Ligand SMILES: Cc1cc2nc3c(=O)[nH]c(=O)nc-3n(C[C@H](O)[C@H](O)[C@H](O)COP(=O)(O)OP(=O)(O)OC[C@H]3O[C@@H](n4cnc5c(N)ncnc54)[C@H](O)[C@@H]3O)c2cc1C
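The data below hold one chain only, encoded as structure tokens and taken in the form predicted alone.
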Amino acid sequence: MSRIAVIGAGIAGLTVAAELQALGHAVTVFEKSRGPGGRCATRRSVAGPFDHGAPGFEAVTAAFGAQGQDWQRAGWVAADPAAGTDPWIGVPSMNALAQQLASRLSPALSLRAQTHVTALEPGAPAGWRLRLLDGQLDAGHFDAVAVAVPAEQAAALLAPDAALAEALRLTRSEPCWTVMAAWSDAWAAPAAWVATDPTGVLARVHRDDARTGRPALDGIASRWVLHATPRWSADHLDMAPVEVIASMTAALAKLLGVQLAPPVHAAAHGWRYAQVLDARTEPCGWNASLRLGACGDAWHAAGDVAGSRPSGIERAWLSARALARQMSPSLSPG
């Protein structure tokens, strides 16, 4: 049995952890946030929940299509006909999908939330130690490490493998400002999704309360999540959240052709590493001699059918499975 550290508890990290655990290895997952999910994120508020990360997902590969069907049969996701190009959504929230994946891991797996790993260092006599944000070394000694965080963060952690680190330094993530807003008045709003904003401010918007399984709250007529375009987000990274809210809700009003009263609730969240537009075609990265690898949505841009282009959550899942399979021959049997 090998001792493996997985850094990141998004879909990629949870998937590679499950695959390696199924092979009998001892796995510890390190997550700098309060819990699992990554971009499968849901913000709770007095106006109700907002899916302010990945709005949903599709499947263009046979393997992930089958996985999506399994999740749907389990009640973890639903096919939402109003969800535009991402027909599957987590229920009752996007974060619930990650929570379900985490809950199905064996109790023997350790999930270390709010534990920020900043560097990987050689262990003695072999293997890896993890340096934490407070400067201390984690007590664990690991035979292998799988890094499942955004490309820019992964590049720093993968410094012991110069080629792997450089590959991810050249793979850029695009930022995304996201606004969560709720209104108490019943203005003439579409049921769910609307088209891309021609002014270049909004990349996509969805009406959260109209999605399958979402709760309705007294006094709240509609809840909206607004995602800005990568270009607008990059140009306004340092804008104050109150100004982001004003600019993006004004763009929504213009897009829908309505007069909007001030929302009764509004918040903004800046995703610095929201999506990879030009992911690597390799399924994952793995250095067998160092026992150091990487997976996530920065990888696996080539699908199982010529011309198919997996995106987001699908790439993360495909890449994680590929990494587990590449790691397996280098690890001690479970």
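On a predicted model such as this, the values are computed, not experimentally measured, just so you know. In this text, residue numbers run from 1 along the sequence as written.
Omitted here: the form predicted together with the ligand. The next part is about that form.
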> Since the chain is shown here on its own, which stretch among 231-239, 134-142, 148-156, 248-256 would lie within 4.5 Å of the ligand in the predicted bound form, judged by heavy atoms?
Replying inline: 148-156
> Quick one: in the predicted bound form, does every one of 10, 37 and 311 get a heavy atom within 4.5 Å of the ligand?
Replying inline: yes
> Is residue 28 close enough to touch the ligand in the predicted bound form, meaning at least one heavy atom pair within 4.5 Å?
Replying inline: no
> How about residue 56: is it within 4.5 Å of the ligand in the predicted bound form, going by heavy atoms?
Replying inline: yes
> Counting only non-hydrogen atoms and a 4.5 angstroms cut-off, does residue 286 reach the ligand in the predicted bound form?
Replying inline: no
> Even though the ligand is not shown here, does residue 169 get within 4.5 Å of it in the predicted bound form, heavy atoms only?
Replying inline: no
> Ok, 267, 292, 274, 47: which has a heavy atom sitting within 4.5 Å of the ligand in the predicted bound form?
Replying inline: 274
> Which listed residue (202, 97, 179, 176) meets the criterion of a heavy atom within 4.5 Å of the ligand in the predicted bound form?
Replying inline: 176
> Which residues, if any, of 278-302 lie within 4.5 Å of the ligand in the predicted bound form when only heavy atoms count?
Replying inline: 296, 297
